[in-house]
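Just one chain follows, in the form predicted alone, and it is written as C-alpha cells.
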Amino acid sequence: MKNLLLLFLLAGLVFGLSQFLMEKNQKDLEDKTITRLTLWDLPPKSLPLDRQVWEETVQRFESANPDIKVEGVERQYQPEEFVTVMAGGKGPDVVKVWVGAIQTLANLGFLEPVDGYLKDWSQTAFLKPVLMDSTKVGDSHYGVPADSYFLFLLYRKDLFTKAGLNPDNPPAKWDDLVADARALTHRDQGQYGLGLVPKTWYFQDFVWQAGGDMIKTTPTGQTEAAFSEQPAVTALDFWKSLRWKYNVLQPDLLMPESELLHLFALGKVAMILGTEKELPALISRYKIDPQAFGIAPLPAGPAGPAAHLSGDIYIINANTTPEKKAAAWKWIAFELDPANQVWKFFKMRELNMPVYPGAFSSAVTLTNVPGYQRVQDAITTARVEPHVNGWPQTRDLLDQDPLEEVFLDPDSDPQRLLLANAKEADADIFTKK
C-alpha cells in the first residue's frame, strides 16, 4: 500500500513538474521582449564534442544577450534544398552558406545587405579584402566570412620517406611535382604518386599558376570565357602529361573525390589536392598518426604560386523580421569576436579536438600556432573563383568535356577542346545572362 502511495506521489510530482515546464515555455514564447533566433548548423549528437562547444557558445551568448533565445537546427546549407526552404518562407534567420552561392542567393532576394552593420563593427578592418570582396554583389556586401580554406597539396610524409624523398621538402614547382610523383608511383604495388580528378575546382588553380584566368570582362562589361587562351592551354597540357606521359595518376580517373580521399588515407595515393580541414576527419576515421600527413602550398607554375581560396559566409535572412535581423547580427558579431574565437580554440584544445585554423575568423591570429601562419601565408597568393552569373554552368561544362577527355583520350587536343568550350560558354551561357 505504501509503495502504491509513493508511486502516486511520484506521478503527481512528475506531472506537476511537466506542467510547470510547459507553462514556463509557453510564457517564454508569449514574452514579447524575447527574440527567438533560428540558427542552422547545430552539430548533430553524433559529434558530441562539436555539440558541446556549440552549446557552450550559445550559453555564453544568451548570458550576454538575455533578450535573445537561440533555437539551433541540425541542418546545413545544401544549394537546392536551401533555395526551396527560403522560397517557402521557412528559412533560418542566420546560417553559413558557401561563398560561391552568394551571387545567386543575393539575386534571388534571400540575403540581407550587411553594410550598415559593417560600418560600426570593430572587426571590419581586420578581415582580409580578398575574403570580404567575395561577399560583395554589386555595391553591397551580403555576408561576413565565417572561415576560410585553401587548396593545399596534402601528402603522405611516410611514403615520401619510404621513397627516399625528404618529407620536409615537398614539391615547390610543377617540375618537382612530376619528379616526386614519379618516384612515388609503383603501379605494380597499387601505389600512385598523385591523385587528381577532372574538376574545374582544381583545374582553375593550374590556370592561375600558368598566368591565366577563367573569365574576363570586356570594355563593355560583358563576361567572356578566358580559358581558351594560352595559359589555360598550358595548364591542360600539363594535366594531360600527368596522365599519359608520366602515368602517375590513380587508375580510375573519374572516381568520386570521397574515394580518392579513401585511397589517400590508406596510403595508396601519395599526394592529392585538398583542404586542410579534410585531415581531421581522415585522422579520426582511419586512426592514422597525424604526423603521417604533410601540408604544403600548391606547386608554383610558370607564372608563380596561386592558392584557391574559398569558405563559408554568415548570411542574414532578408525576409525575417527587423528584430531577428538585429539579433542575427549580434550572433554573428559574437561568434566572430576575437575573444570568442580564442575561447573556442582553447576549448577545442582542452577537449583534444583536431583544430583546423582556417575554421576560425581570418581576423584572428595565434602567432605561436604554425597552422595559423600557414593560413595567413596562403592568403598572400589567394585567388577566388569567378563570382558572376553563369559561372556554375560554365564550371559544369568544363567538368563534363575537356577535363575528362584529356584523361580518357591520349590523342585529345587541349587547345581545340578549350576553344570549343569557350565558344559554347560565350554563346549559350554568358550572352544569356
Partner chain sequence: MADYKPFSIYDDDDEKKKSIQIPEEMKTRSGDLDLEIEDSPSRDDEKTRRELMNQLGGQASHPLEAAAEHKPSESLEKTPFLQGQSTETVEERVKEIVRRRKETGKVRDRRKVASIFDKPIEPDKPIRPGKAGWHPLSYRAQAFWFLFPALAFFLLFYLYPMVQGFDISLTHYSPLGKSVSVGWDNYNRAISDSLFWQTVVNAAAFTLISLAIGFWPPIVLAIFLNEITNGKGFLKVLYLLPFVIPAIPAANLWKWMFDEGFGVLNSILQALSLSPVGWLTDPRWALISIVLMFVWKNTGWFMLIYYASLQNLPEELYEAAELDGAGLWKKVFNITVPYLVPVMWILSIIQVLITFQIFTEVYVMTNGGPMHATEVIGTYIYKTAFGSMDLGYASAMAMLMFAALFLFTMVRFFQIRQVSR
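Values in this document were obtained by computation on a predicted structure and should not be read as measured data. Positions refer to the first chain, counted from 1.
Form predicted together with the partner chain: not shown, discussed below.
Trainee: Would you kindly say which of 252, 74, 175, 133 lies with a heavy atom within 4.5 Å of the partner chain in the model of the complex?
Mentor: Of the listed residues, the single hit is 252.
Trainee: Give me the residue from 385, 41, 50, 405 that has a heavy atom within 4.5 Å of the partner chain in the model of the complex.
Mentor: Checking each option against the partner chain in the model of the complex, the one that comes within 4.5 Å is 405.
Trainee: Tell me, please, which stretch of 142-150, 84-92, 200-208, 287-295 lies within 4.5 angstroms of the partner chain in the model of the complex when heavy atoms are compared?
Mentor: Checking each option against the 4.5 Å cut-off leaves 84-92.
Trainee: Do residue 332 and the partner chain come within 4.5 Å of each other in the model of the complex, heavy atoms counted?
Mentor: No.
Trainee: Report yes if any heavy atom of residue 344 sits within 4.5 Å of a heavy atom of the partner chain in the model of the complex; otherwise report no.
Mentor: No, residue 344 stays farther than 4.5 Å from the partner chain in the model of the complex.
Trainee: Is residue 396 close enough to the partner chain in the model of the complex to count, meaning some heavy atom within 4.5 Å?
Mentor: Output for residue 396 is yes: heavy atoms within 4.5 Å of the partner chain.
Trainee: Is there a heavy atom of residue 192 lying 4.5 Å or less from a heavy atom of the partner chain in the model of the complex?
Mentor: So residue 192 counts as contacting the partner chain.
Trainee: Considering only 109-130, what residues come within 4.5 Å of the partner chain in the model of the complex, judged by heavy atoms?
Mentor: Contacts from 109-130: 109, 110.
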